[in-house]
Ligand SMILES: NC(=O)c1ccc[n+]([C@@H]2O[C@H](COP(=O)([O-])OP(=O)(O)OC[C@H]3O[C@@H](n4cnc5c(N)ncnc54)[C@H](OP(=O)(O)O)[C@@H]3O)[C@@H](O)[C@H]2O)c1
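What follows is a single chain, given as structure tokens, in the form predicted on its own.
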Amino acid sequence: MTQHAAEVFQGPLERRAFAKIPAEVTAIGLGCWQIGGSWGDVDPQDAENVLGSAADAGITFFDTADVYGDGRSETLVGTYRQQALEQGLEVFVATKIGRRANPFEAGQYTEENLRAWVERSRMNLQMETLDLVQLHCPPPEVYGDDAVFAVLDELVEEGKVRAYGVSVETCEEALRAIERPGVASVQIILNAFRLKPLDRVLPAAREAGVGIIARVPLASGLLTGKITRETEFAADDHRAFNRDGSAFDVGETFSGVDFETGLEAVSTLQAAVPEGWTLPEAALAWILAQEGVTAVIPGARNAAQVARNAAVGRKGPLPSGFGEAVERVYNTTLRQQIHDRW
């Protein structure tokens, strides 16, 4: 990791437990989609610096997937994990499987494919037992397929997987996943633009002892407040090529919010940011304040972004007022556009 850690980071990050997994993780994790692909060019050294800076910041929770850069993200995380363990550092890795299905349909979720995907992740991550494997936003039919979850149970019994969960697109999918007794976690888009999970998903997860992993917490960068109408995105950045949902679910890009509408919402939220806070800090702290959230996984392209995100885990409670602004902006600007879609 880097040499300046002791000078920059003071005190431990907040840690939270998964009820169904005998492990605690830092409430602020690192989403590793950005170091894999679909966010424009990321230099390999920058990717390594992001992971090293996460270690410096005390982050122990890393979320990746087998399709991020066709295995590039998993491989980088696996190499980092080995180095971290050699230094006595704690690392918990969550990965995702299923998006390699071709064609992407429920019939591809066979035992043969599930096992092959898990074996590939074990190899990429250099792990005998994967900490957490999540079905990666599977087709809707998969949630009702007992055979799929039976295979996952077998993989746990065989020691190849420690626990499993589901990454979902919609709240209804989350509720179906939570009904499965073996599901330990649900990963869902939850941020200041996407409030619907607060209605039913988080209460159901709390009751069932299912962890909630909040992804896309900064709405693909909109909630950093640094994106403007003049911002240009690389051709291979999903914020350029997936605004219409032509590559994958449009909800993954800017949380499904129209770009102009998102900029308007950000402008209003900026005015409500408490003194001594920045918009991205407030946006992350707001998520952590929601009862039932186990971890939030912002991504990062460089060490400075990692440091900014991790600092929220040491900053303390978010002052009152911002939450009210989030609800007001959602109800007046965003609800009609996105609430019923996810």
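Counting begins at 1, following the sequence as shown. Keep in mind it's a predicted model, so treat the numbers as computed, not measured.
Although not depicted, the form predicted together with the named molecule is the subject of the following passage.
Q. Quick one: of V216, A177, I212, V133, which gets a non-hydrogen atom within 4.5 angstroms of the named molecule in the predicted complex?
A. Of the listed residues, the single hit is V216.
(Q) Which residue, C137, M127, A184, V142, is the contact with the named molecule in the predicted complex, using a 4.5 Å heavy atom cutoff? (A) Spelling it out, the residue with a heavy atom inside the cut-off is C137.
Q | Candidate stretches 45-53, 61-69, 269-277, 313-321, one within 4.5 Å of the named molecule in the predicted complex by heavy atom | A | Result for this chain: 61-69.
Q. Does each of N113, R115 and R120 have at least one heavy atom within 4.5 Å of the named molecule in the predicted complex?
A. No: no residue has a heavy atom within 4.5 Å of the partner.
Q. Though only this chain appears here, would Q108 touch the named molecule in the predicted complex if you measure heavy atom gaps against 4.5 Å?
A. No - in the predicted complex, heavy atoms of Q108 and the named molecule never come within 4.5 Å of each other.
Q) Wondering, does T224 line up within 4.5 Å of the named molecule in the predicted complex on heavy atoms? A) Yes, contact at 4.5 Å.
(Q) C32 versus the named molecule, in the predicted complex: is there a non-hydrogen atom within 4.5 Å? (A) Contact with the named molecule, yes.
Q) Is L288 close to the named molecule in the predicted complex, meaning a heavy atom pair under 4.5 Å apart or at it? A) Heavy-atom contact with the named molecule at 4.5 Å: absent for L288.
Q. For the stretch 69-84, which residues lie within 4.5 Å of the named molecule in the predicted complex by non-hydrogen atom distance?
A. Residues within 4.5 Å: none in this stretch.
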